[in-house]
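Shown below, as structure tokens, is a lone chain in the form predicted alone; questions about how it binds or moves come after it.
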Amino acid sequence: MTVELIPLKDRRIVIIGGAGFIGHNLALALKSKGAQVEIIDGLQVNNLLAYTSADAADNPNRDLYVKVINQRLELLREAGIPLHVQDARDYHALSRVLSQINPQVIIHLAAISHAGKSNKDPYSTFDHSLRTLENALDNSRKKVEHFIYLSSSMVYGNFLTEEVEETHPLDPIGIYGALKVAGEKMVIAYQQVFDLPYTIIRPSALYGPRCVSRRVGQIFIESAMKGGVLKIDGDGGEKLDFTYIEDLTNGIERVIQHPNSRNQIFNMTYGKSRSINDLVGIIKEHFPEAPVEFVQRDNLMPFRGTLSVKKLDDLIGYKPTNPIDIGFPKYIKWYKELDPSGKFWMDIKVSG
């Protein structure tokens, strides 16, 4: 039976935390399909205000990340996507902005999006992850047609099977994964109590242009660009389900359009894990002189692997197209185009 898709054109969509890595890429993709997209972001968490503050003065990557974030903001301006600079922790201020926009869809991305930072600062992580979510949910009941929450594969903790389906037990390790589980429970509760349609998405090992979140692939590329060492946690045999940002944004587009996505939880990844050594091999094809060093693994990082995307494909027709052999060369090309002269990277070598 053919399912009638909901058109993206003119659909009113708000992305909370939308000036970040995932959010700005998603906003640009949705806008290109004719959606009326607006962003709410305080620009504080891993964003412009964080890297232009006095506290970031000694960060060797400060100038690079300010350059990257300004590129994001310029792309949003060029696309005509409104950015409301507002801290989503302020319930009443968030309510005023949402009332003005009157969105049909809310996509909630606001969070501390780094497991290591979450473990070091639980209070701030709770504040920016769960308080913002509660405010967004409460402003959505009886007003919003579809609430989309970005969770994480970290909710599973250590993978107990070679390929993890959405029914795998939730047993997170550390603050980040625990708060993501709590967020999922809150979203489901609002559907139970207020009949708020939702979709929960669990991505894994995201990568792609204009990320400043210090994910593993980003760290490798930046180290290679600076002439540094590729430091591998453990022996490099550990596998991750690396997911290119374009596959994620295409999947979220399908989630918005497809009625079968309502009140569902989905893994949204490439659907096939690859080892860290595989990734390093691809990096070294572009930077053959980059030395490799094996270092002690972080014990608070769960052992992961492949996430099944069969449910996502069966229900809404999700088809990722970017294995790391395709996605990472695109990512490296973007880095090289960021400063074709190489002067910027030379300056980082000197200052870093």
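From 1 onward, residues are counted along the sequence shown. This is a predicted model, so every value here is computed, not measured.
If you look for the form predicted together with a small molecule, you will not find it shown, but the lines that follow are about it.
The chain is drawn here without the small molecule; in the predicted bound form, the stretch among 228-236, 158-166, 210-218, 140-148 whose residues come within 4.5 Å of it by any heavy atom is 210-218. Contact annotation: of the candidates 250, 264, 223, 152, the single residue with a non-hydrogen atom within 4.5 angstroms of the small molecule in the predicted bound form is 152.
Checking 42, 305, 320, 302 against the small molecule in the predicted bound form, a heavy atom within 4.5 Å turns up for just one residue: 42. Annotation: in the predicted bound form, residues 106, 191 and 197 none come within 4.5 Å of the small molecule through any heavy atom.
Mapping the unseen interface onto this chain, residue 203 counts among the residues with a heavy atom inside 4.5 Å of the small molecule in the predicted bound form. Not displayed here, the small molecule is approached by residue 111 to within 4.5 Å at the level of heavy atoms in the predicted bound form. By the criterion of a heavy atom within 4.5 Å, residue 244 is excluded from the residues contacting the small molecule in the predicted bound form.
Although the partner is absent from this view, residue 36 stays clear of the small molecule in the predicted bound form, with no non-hydrogen atom inside 4.5 angstroms.
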